[in-house]
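Below you will find one chain, with nothing else, as structure tokens; this is the form predicted on its own, and questions on how it binds or moves follow later.
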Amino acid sequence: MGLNRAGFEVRHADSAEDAEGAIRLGVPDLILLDWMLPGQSGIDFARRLRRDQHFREVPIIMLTARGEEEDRVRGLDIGADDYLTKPFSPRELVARIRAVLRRTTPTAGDELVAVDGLQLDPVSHRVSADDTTINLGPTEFRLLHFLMTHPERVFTRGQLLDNVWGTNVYVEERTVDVHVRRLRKGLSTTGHDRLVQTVRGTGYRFSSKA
């Protein structure tokens, strides 16, 4: 409830097995992981995530009643990005999550982005593929830039509105669908419209995988 009030979209899982099924429906921005879980422990689950190429870059915050230095070091050694000992305040948890996301979330920047032959240059504001220029409107350009710099992650329409349109702009979520159609139409000239994929019941992702 506290995370929802802070503006986060939360998916809850009661066990490592449930969590694995949930994250395979859409890669999360961050995993808040309890050390003590039924069945497989949180520390073992975190170790598995760090060996999986699809999830190894997802930041992890460990939650535990264990406060000894050795346990904290063990949690960080397996790849956790932060460690919070119970009891803790909701405000501290939110602050830790935001701090980890600031450290780990890639920013678009001014670097050229290239995926599967598709190139986007944010400085010259050009998109091309196979020496063919792809003409996009400014919103479609920003949408493509955001998706290309966050590949393989599933974003809801609300998340895309916040990141591409901005949190102070109030438009309907179906606006995203309109611009995705326009983006795909522009990319279809070179066959790259397949990279913008619909995830049924969730939103969209940018992926070179089928």
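We number the residues from 1 along the sequence you see. A quick note: this is a predicted structure, and the numbers were derived from the prediction, not measured.
The form predicted together with the DNA exists for this protein as well; it is not shown, and the discussion that follows is about that form.
Answer yes if any heavy atom of Arg51 is within 4.5 Å of a heavy atom of the DNA in the model of the complex; otherwise answer no.
Contact check for Arg51: no, nothing within 4.5 Å of the DNA in the model of the complex.
Does the DNA get within 4.5 angstroms of any non-hydrogen atom of Phe146 in the model of the complex?
Although the DNA is absent here, Phe146 would stay clear of it in the model of the complex, with no heavy atoms inside 4.5 Å.
Quick check on Trp35: any heavy atom within 4.5 Å of the DNA in the model of the complex?
Answer no; every heavy atom of Trp35 is more than 4.5 Å from the DNA in the model of the complex.
Is there a non-hydrogen atom of Arg182 within 4.5 angstroms of a non-hydrogen atom of the DNA in the model of the complex?
Flag for Arg182 set to yes.
Where, among 146-154, 27-35, 172-180, 43-51, do residues come within 4.5 Å of the DNA in the model of the complex by heavy atom distance?
Every other range fails; the passing one is 172-180.
Kindly confirm or deny that Glu140, Val199 and Thr202 each have some heavy atom within 4.5 angstroms of the DNA in the model of the complex.
Yes, all three are in contact.
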